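Just one chain is shown here, as structure tokens, and it is the form predicted alone.
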Amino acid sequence: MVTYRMNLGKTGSQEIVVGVIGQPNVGKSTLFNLLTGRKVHVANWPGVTVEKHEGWREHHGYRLHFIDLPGIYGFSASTLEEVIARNFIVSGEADVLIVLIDSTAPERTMYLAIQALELFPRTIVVFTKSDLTHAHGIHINYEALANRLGVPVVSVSAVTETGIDRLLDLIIEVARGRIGRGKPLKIGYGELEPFISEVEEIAKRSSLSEDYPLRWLAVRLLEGDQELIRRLEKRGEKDIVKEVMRLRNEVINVFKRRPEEIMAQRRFEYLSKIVEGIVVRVEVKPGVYEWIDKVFAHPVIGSITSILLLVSLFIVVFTLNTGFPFNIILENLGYSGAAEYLEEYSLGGLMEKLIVLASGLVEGAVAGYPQWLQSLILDGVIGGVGAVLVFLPLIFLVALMLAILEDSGLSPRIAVSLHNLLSKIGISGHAVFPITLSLGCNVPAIMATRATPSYRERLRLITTLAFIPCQARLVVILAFASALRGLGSIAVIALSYLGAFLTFMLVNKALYIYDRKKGYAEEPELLLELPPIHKPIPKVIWWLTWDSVKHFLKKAGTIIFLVTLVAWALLYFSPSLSPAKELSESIGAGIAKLFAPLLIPLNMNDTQAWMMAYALIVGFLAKEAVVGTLALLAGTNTATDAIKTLGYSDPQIAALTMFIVLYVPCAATLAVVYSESRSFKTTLLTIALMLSIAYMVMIATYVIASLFI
């Protein structure tokens, strides 16, 4: 029985041995040189004249030892290269196997990956030439493919170096057994399954069963693998060979076809099923949209067009979700009824009605339950998570907008058009994509900085991208803004985004100046492949949109749910662990009151101060939880009603909104800041920077707002 053990620690080292395999012309040599920095040792494989290329690379404290296996089309062992590759894989020397697939010809080059997974479970499937896929009109849902295969799938480009850091991280994760398959892939071979089972029983008696996975061995023997047959005969196990040949001949007599033909057909059928709906092609017509390229390429018009496009799309999103800003415009024009109708029947308004309805139904259903359980279900679960889910339509629409920009090919053109503008603050057009992603979620945005060629620019972006308001903070911004009167809501939303982007730019500029003085910084450069513009593909749009929405739902269903339950428990129980008679006597209130004095400059009363302090503390874990916590504290269905119930003034609301926009977005963001920078110092600097700036801006906003409101 073959077992798979990683080499970590065998010699007291932190070395990971990685085999790199792929069909000829998939870009294996180019990627191998990039992974190893061209520091390659060349020798011959033992006993043969075929060259063996080895290289090394340090990554996160591990020494990655790459071995370039010969380019092959399969594991039939019909050539010397196939024998070498197969023997290395089953030798137990490799901790991880990388199988390369040409992303411009995925169906043709994935056959090798399927065969590799049947033999070796600790595999990473790598799509090369990702910079060319869009230009060829090819779209691949890598996440869905990873779910179907049960192994990590990553796209890389040796030209732009996109995905390389992600691949290196995955190698470590797979080697340590944190992700990936535990067993080889099992493909159903239909009518041959009874024969395979019989060969398995026969193969158990063979010495080769110690060298190979049993099912793989049975399949290969039934296919008539000459290399394995020679090894059996050499070891004096000719009786095993005879029994296998008898079954092989029986297959030929029954089905009038050789087993290897049937198995190849079944593998291709499996492959077709795997890629079904995952690979989408669109016809690319060069020159059709040349006028769009001319617009975005213009040094002035391009920048203005990009900014207006982004602003217009977000206005459309806000209008569909909440009626804003057209509801305010209608109200000020004297059409209050139309404004109310637009708000009430917007997507967000309908979702709010649904949650209120659900709350009423649940309240009736739990009427006979103990008081603490009623409070847990109604205040904790329904009140907390429901106050967040009311913004689900908004999350969906923002994700949809970003997906359309990305798939259509407009995103990289926006990057090019804004490069000159962004270079003034020390960042390149590469930052446009992370910035745009930040409007959805800071976590993938910070991870997307891996495509930034300059290390110092990437470090600055890791530190500052969290200033860009994500969808979670947009949830809070809208909840707070909705509690303001008249044009105040428009002003606060505009001020929130303007203040956030201004802070992002000023801090980046300051850090860039510091880097220049220290001799670290280089002039921002833009290395970007411009794919052809085409009409967005609905299926691809759905992939991209669902990925973002799924991330939010996971947070709502796990992190936010747990945070809400903890917040409820801290407010329900007193320090003696008995139910608190008043909220002010709860454990949570006691913790919040320690930080409440920090809100004294906003002239809040004691109740307002500790309740808001408590919501802000919870917001450190997940920013959306602020609205749920406020609703929980005030005993209302929405955070907007909670803010009104607690009696916060307009200047206080404006100041608190700015603080929420600028202070640490969530624990997940801090985690990814550390994982991407690999530096506690950078992580602590990010926290200190955001908290200090947020606090100063909050006080300044309150002082200024008090003068005009």
Ligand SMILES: Nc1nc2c(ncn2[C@@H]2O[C@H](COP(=O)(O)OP(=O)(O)OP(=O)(O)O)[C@@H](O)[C@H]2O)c(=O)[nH]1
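In this text, residue numbers run from 1 along the sequence as written. In this text, rigid core is short for the largest set of C-alphas that superpose within 1.5 Å between two forms. On a predicted model such as this, the values are computed, not experimentally measured, just so you know.
Omitted here: the form predicted together with the named molecule. The next part is about that form.
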| query | finding |
| --- | --- |
| Option touching the named molecule, based on a heavy atom within 4.5 Å in the model of the complex, out of Ser675, Thr682, Thr30, Thr645 | Thr30 |
| The named molecule: the contacting residue among Ser157, Thr463, Ser346, Ser206 in the model of the complex [heavy atom, 4.5 Å] | Ser157 |
| Partner-facing stretch of 533 to 541, 292 to 300, 447 to 455, 607 to 615, counted where any non-hydrogen atom is within 4.5 angstroms of the named molecule in the model of the complex | 533 to 541 |
| Val241, heavy atom within 4.5 angstroms of the named molecule in the model of the complex | no |
| Any non-hydrogen atom of Lys129 within 4.5 angstroms of the named molecule in the model of the complex | yes |
| Any non-hydrogen atom of Asp95 within 4.5 angstroms of the named molecule in the model of the complex | no |
| Touches the named molecule in the model of the complex: Thr701 (any heavy atom, 4.5 Å) | no |
| Partner contacts for 404 to 439, taking the named molecule in the model of the complex and a 4.5 Å heavy atom cut-off | Asp407 |
| Threshold 2 Å Cα movement between the shown form and the other one at Phe127, rigid core reference | yes |
| Large Cα move at Val20 between the shown form and the other one, threshold 2 Å, rigid core | yes |
| Per-residue C-alpha change between the shown form and the other one, Val159, threshold 2 Å, rigid core fit | yes |
| Distance trend in the model of the complex - C-alpha atoms of Thr436 and Phe127, change of 3 Å or more | farther |
| Cα distance between Gly409 and Ile101, which in the model of the complex differs by 3 Å or more from this form, closer or farther | closer |
